[in-house]
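This document opens with one chain alone, in structure tokens, the form predicted on its own.
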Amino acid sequence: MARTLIELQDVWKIYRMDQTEVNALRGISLKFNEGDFASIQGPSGSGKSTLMHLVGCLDLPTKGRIFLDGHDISRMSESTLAQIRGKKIGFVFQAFNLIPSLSAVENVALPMIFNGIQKDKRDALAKELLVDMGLKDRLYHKPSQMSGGEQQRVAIARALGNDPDVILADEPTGNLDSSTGHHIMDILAHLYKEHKKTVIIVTHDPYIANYAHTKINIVDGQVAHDHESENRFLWKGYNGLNKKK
């Protein structure tokens, strides 16, 4: 039986503005198991971004419980949660979130500092990950010297630096043209299929959602539909990422 990595139990997220309450999420219960490839899809205002923050343990629920690898995050201090989250989850964002003044190698190596990895080891691993992403000639380029697709590949390499169980990608193709976006999705699909990573994608794009094995649709803060994608093998595969030994 697959190990449950992230579990939400009757989760509510309520925002209070003056005298008004906004129920961003209403009674969400979900499990993400080891080896899942899931998409969270929904229109603007559906609550998918709020759900992404909770799935990624970046925020706490107003009501309900969230477990990260069996640990109730509501019982953790922020410092403890940050340490566990840093080891368990790698984040890929729509806006790349690279530090402009740092090179590709430095951006990828940065999260490893917080896990206590020594400089020579983290620099070597950062270079290896970037080469795996087809960026051998961009190791010392800064974000402004790279295309959007190259920056997103740097972001994926950064997410992999601490060898997390889960890759959580928030609109990973949102700032890219369709061809580059499909290339990024092929990389994420390869990580799922060949490297056995659990991949969770948040998207508004039905085509991108169809890359996933399981599709979760959010409407008005609730799960509207949860099923296996009919197009789960839509991706063509990606040969530029070397399988680690």
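Quick caveat, the model's predicted, so the values are computed rather than measured. In this text, the rigid core denotes the largest set of C-alpha atoms whose superposition between the two forms falls within 1.5 Å. Start at 1 and count along the sequence shown; that's the residue number.
Just so it is clear, the following notes concern the form predicted together with a small molecule, a form of the same protein that is not shown.
Trainee: State yes only if every one of A124, L129 and Q151 has a non-hydrogen atom within 4.5 Å of the small molecule in the predicted complex; otherwise state no.
Mentor: No: none of A124, L129 and Q151 comes within 4.5 Å of the small molecule in the predicted complex.
Trainee: In the predicted complex, which of the stretches 183-191, 47-55, 60-68, 30-38 has residues with heavy atoms within 4.5 Å of the small molecule?
Mentor: In the other structure, the partner sits against 47-55.
Trainee: Quick one: does K196 come within 4.5 Å of the small molecule in the predicted complex, counting heavy atoms only?
Mentor: Result no; K196 lies far from the small molecule in the predicted complex.
Trainee: Can you work out whether A224 and the small molecule are in contact in the predicted complex, taking contact to mean some heavy atom pair no more than 4.5 Å apart?
Mentor: Heavy-atom contact with the small molecule at 4.5 Å: absent for A224.
Trainee: When the contact criterion is heavy atoms within 4.5 Å, does W12 count as touching the small molecule in the predicted complex?
Mentor: Taking the distances in the predicted complex, the answer for W12 is no, it never comes within 4.5 Å of the small molecule.
Trainee: Please run the contact check for P206 against the small molecule in the predicted complex: heavy atoms, 4.5 angstroms, yes or no?
Mentor: Because no heavy atom of P206 falls inside 4.5 Å of the small molecule in the predicted complex, the answer is no.
Trainee: Following rigid core alignment, is the displacement of the D10 C-alpha between this form and the one not shown equal to or greater than 2 angstroms?
Mentor: Stays below the 2 Å threshold, so no.
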